[in-house]
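One chain is shown next in structure tokens, namely the form predicted alone.
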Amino acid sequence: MGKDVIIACDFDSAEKTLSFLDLFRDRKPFVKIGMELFYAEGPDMVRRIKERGHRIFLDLKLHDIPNTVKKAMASLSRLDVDMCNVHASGTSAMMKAALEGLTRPDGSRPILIAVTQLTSTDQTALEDELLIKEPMKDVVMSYARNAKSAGLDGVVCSPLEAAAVHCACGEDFLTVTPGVRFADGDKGDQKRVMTPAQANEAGSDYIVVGRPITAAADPVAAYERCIKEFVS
């Protein structure tokens, strides 16, 4: 499975999303549909983008009791997305239930990954607000090991932690990393960031890039720059 750039389509309407994707003409980038777009337009938005030939990472970060997550994942599985996720902090029991719900009768299923710690969370917030006193890297590694033990395919983590996750969980265990910004770009609300080239060196399998592409003067050129820096 090769490296790839996933564009975060964090728009609030179908019109804005499809107009953005129209810019790419014959290219079919891997796209992320998050809470903003999914809650605004619903499952039909997933179907419409899938019909256009895009791979989809449905980023809803499920986190609830195991039975609820299992049933929700069974519904999401029918949307034929390529990747979806849960919060690793929901415990191993919840992650196992998610995997069970996501798996179709024929044994097929989308890639399932778990969010470790959000890239907007730093060590101060981890300790002062979440009351987790361990170093961020140790927390992420623990969550990643739990996800692997539960049978998941990988985790969402900062690119700063990608190499350590591979070391702890194996090279085939996927690292999907947001918190990627161009060297000459604005970090926004992200705390733990790398450039696409740095993320490549760090061992990220997929980078998730939103505003540096979607808010660029030339989104296609920005996407091509990401591909060149990350994949090349």
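In this text, residue numbers run from 1 along the sequence as written. Note that the structure is a prediction, hence the values are computed from the model and not measured.
Unshown form predicted together with a small molecule; subsequent notes refer to it.
For this session: Please name which of the stretches 23-31, 64-72, 176-184, 162-170 has residues with heavy atoms lying within 4.5 Å of the small molecule in the predicted complex.
Result: Contact-bearing stretch, as computed: 176-184.
Exercise. Looking in the predicted complex, is the small molecule within 4.5 Å of a heavy atom from each of 4, 154 and 200?
Worked result: Negative, none of the three is within 4.5 Å.
Exercise. Does at least one non-hydrogen atom of residue 146 fall within 4.5 angstroms of the small molecule in the predicted complex?
Worked result: Answer no; every heavy atom of residue 146 is more than 4.5 Å from the small molecule in the predicted complex.
Exercise. Is there a non-hydrogen atom of residue 10 within 4.5 angstroms of a non-hydrogen atom of the small molecule in the predicted complex?
Worked result: Judged by the heavy-atom cut-off of 4.5 Å, residue 10 is in contact with the small molecule in the predicted complex.
Exercise. With the partner left out of view, is residue 211 within 4.5 angstroms of the small molecule in the predicted complex by any non-hydrogen atom?
Worked result: The answer is yes: residue 211 has a heavy atom within 4.5 Å of the small molecule.
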